[in-house]
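The chain that follows stands alone, in the form predicted on its own, written as structure tokens.
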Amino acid sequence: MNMATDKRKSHNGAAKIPHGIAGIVSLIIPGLGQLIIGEVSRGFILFSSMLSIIVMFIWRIELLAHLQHGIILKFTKALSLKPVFIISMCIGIAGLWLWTAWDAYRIKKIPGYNRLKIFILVITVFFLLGYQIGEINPYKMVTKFPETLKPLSRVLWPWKAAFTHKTDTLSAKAAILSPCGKDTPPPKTQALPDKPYIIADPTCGKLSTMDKDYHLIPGTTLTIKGGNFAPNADTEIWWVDPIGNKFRIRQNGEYIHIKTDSKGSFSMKVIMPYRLMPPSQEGKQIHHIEAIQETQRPGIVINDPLKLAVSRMVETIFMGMIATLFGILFAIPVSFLAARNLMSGSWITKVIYYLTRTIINIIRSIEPLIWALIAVVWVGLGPFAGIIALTFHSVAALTKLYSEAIESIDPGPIEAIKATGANHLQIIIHAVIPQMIPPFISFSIYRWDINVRMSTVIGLVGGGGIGFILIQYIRLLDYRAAGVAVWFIAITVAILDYVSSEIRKRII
């Protein structure tokens, strides 16, 4: 009775404060006017929001003008760099500050006062901050999108990296001396009756060079004739330097290639390419010009990206499965210690309950990616590190789910078994566990699904699985190979989602 009276007195005392005073106080310190008239939650939210906005705004100004000294110089520099953002934020902060004072003045004075309008402005100002912090740039997103079409198309249709047709390779070489001199040049290659051949004329010459302004000075022009290749097929022209480096020849920025005639012959002119040789290889050296022709034949070859994706995907699935199994085994006993309705019997069990809850909350708040980094340091690169990371997070997540399911069970069976004089363990076995089997199964299957998906992510930091090769392909800009891995991840996740839903449907 006394507490209720004191509360009413306190409320009446807060209500007697003049509206004008509340508005003036909030004009000095945003939210304080709401506090003194009894709107404690509202005042605290407005004060903390205003404080957060001002601090973050100052932080953004500091980042934009960190080389300047003094408040005025920093603000001026930031304004010159981001005028729209700075002006919008100044208007928003000033408007929110004034509205907070107006809110404190009007909230108790006007019946039916709309309490939500001011929070729309709070959200708007936070959005302006987030827009700048996130460095959102729609113009760049639109103008740069065409550049993503090529790699995106390779990711969406990566099968050239997964499968290739079997090919037959035909090739022939001709020796070229560079530079020409007193030494006798290599003899011309002779036409062969049944094997591919290539004849170069002349068989010595000068390589292309660069002048002091890095302009190309063309070398000797060679006339190349070939025969006994596959008819009507594309033929590539390559150059092999004296130390064995092999590269395709370019002219006018394009790779040189030619199509053979109906007899498998071709003739073309080629400028000797530019080649920077190491000092140990200076002087007269024998180079080779080579014609290479690849023709398809029946049959398909499975490439390494597909083989790796299959093996790593299997590894990923088993990582998720083993981590889920370990998580279930550890989470089930811990979940009973984290259930309030089972641990509220004495102060000792309450301490155990709060301690258990605190530990699992800390573990659960750390992302599996961080656990994977720790595990990689602990046991090294590989799937074992990924299993450890997923197990830690699974134990915490499943403990939370299991314990909350235990807290929501029907108390009737527990009271009935208690009335028979059963001890704590017997109550759990006969009254709690039978009610927990369906949700336990559901949560466990769902966690397996999550762990398989998460396995693809922790592989990015060396935790094994398909994510490990995916990040390697991306770093090498091999988008087709990365696309193979992405397709396998998507297909596997879809299949597992279907399987888990069917299992839940049949068991639960």
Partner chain sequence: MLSIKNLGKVYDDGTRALRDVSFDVEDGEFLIIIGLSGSGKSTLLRCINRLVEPTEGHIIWNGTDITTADSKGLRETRRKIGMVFQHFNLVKRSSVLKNVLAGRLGYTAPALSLINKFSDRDVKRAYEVLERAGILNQAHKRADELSGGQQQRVGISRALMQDPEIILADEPVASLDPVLAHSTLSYLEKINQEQKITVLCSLHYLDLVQRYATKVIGLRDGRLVYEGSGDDIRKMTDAEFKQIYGEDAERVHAGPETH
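Note that the structure is predicted; figures quoted are calculated from it, not measured. Positions refer to the first chain, counted from 1.
Same protein, other form: the form predicted together with its partner chain, not shown, and the subject of what follows.
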*Does Ser311 reach its partner chain in the model of the complex, with heavy atoms at most 4.5 Å apart?*
no
*With the cut-off set at 4.5 Å between non-hydrogen atoms, does Pro439 touch its partner chain in the model of the complex?*
yes
*asked:* Under a 4.5 Å heavy atom criterion, is Gly412 part of the interface with its partner chain in the model of the complex?
replied: yes
_Taking its partner chain as it sits in the model of the complex, is Pro193 in contact with it (heavy atom to heavy atom, 4.5 Å or less)?_
no
_Checking a candidate spot here: are Ala416, Ala419 and His430 all in contact with its partner chain in the model of the complex (at least one heavy atom each within 4.5 Å)?_
yes
*Contacting member of Thr169, Asn137, Asn245, Asn423, with respect to its partner chain in the model of the complex [4.5 Å, heavy atom]*: Asn423
*Among Pro434, Gly181, Pro187, Pro231, which has any heavy atom within 4.5 Å of its partner chain in the model of the complex?*
Pro434
*its partner chain in the model of the complex: contacting segment from 157-165, 350-358, 265-273, 404-412, heavy atom within 4.5 Å*: 404-412
